[in-house]
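Let's start with one chain on its own, the form predicted alone, as structure tokens.
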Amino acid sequence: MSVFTTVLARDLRLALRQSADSLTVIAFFAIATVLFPFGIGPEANILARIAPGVVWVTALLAALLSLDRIFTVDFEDGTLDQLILSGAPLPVVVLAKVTAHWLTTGVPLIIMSPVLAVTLHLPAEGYVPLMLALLLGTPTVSLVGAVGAALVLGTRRGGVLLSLLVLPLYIPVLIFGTAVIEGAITGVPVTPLILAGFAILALTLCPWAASAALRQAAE
């Protein structure tokens, strides 16, 4: 637990010092979402129909912008090597870094989502399910993204490769996250427990997979 809190506190402090990174993610999320009404037109019914999918897709793309920074700084300044040599449990370190990523990326996206949903004329019934779906789905995004970030650590054009690796794995989260919102709007509810199940599965597997990839990258 001390390793977890130490790494988490350190990453949060770094995120505060480099707040421009988090602001970039939020700005991309806002701009990409607001562009849809300009491209599709002001028809409220059409925008309301596509709103759940638009918010989820733009949130996933925004989260991708920050995934490669989960381990890059520690890899470049030698902190990762020190953590491995110190015998610190790497799955705990990964979990702490993923938690910091979610707090600085996932939480702002959740907070911004209802504001941006207004521009897409999302029906009132969809706002609470929207935030709930993002609350349950974004941890999976961070956990799976951490595995991808660890796999491409130290490679050239890692950001492009990372996107190719993780985007297909996000499809189930995207499908069910959108379905939860659409179900609440249409009156055919879809349980958000499916998203919770994805998060639990990712929490069980991803820290260990990312740890193995980090050890390989450090060799």
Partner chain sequence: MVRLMVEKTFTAQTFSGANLSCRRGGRLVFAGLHFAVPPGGALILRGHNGSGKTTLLRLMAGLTPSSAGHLAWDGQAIDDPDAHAARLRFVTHLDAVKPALTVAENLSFWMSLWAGKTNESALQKSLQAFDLKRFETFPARLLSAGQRHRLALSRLLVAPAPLWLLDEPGNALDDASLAALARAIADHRASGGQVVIASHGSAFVDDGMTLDVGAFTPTTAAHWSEEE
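Numbering follows the first chain given and starts at 1. Just so you know, these numbers come straight off a predicted model, no measurement behind them.
Beyond the structure shown, there is the form predicted together with its partner chain, which is absent from this document and is the topic of what follows.
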If we take heavy atoms and a 4.5 Å cut-off, which stretch out of 117 to 125, 98 to 106, 75 to 83, 130 to 138 is in contact with its partner chain in the model of the complex?
-> 75 to 83
Does any heavy atom of residue 200 come within 4.5 Å of a heavy atom of its partner chain in the model of the complex?
-> no
Is the gap between residue 196 and its partner chain in the model of the complex 4.5 Å or less for some heavy atom pair?
-> no
Is residue 111 close to its partner chain in the model of the complex, meaning a heavy atom pair under 4.5 Å apart or at it?
-> no
Does at least one non-hydrogen atom of residue 14 fall within 4.5 angstroms of its partner chain in the model of the complex?
-> yes
Identify whether its partner chain in the model of the complex is within 4.5 Å of every residue in the set 64, 146 and 204, based on non-hydrogen atoms.
-> no
Applying a 4.5 angstroms cut-off on non-hydrogen atoms, the residues of 2 to 38 near its partner chain in the model of the complex are 3, 6, 7, 10, 13, 14, 17, 18
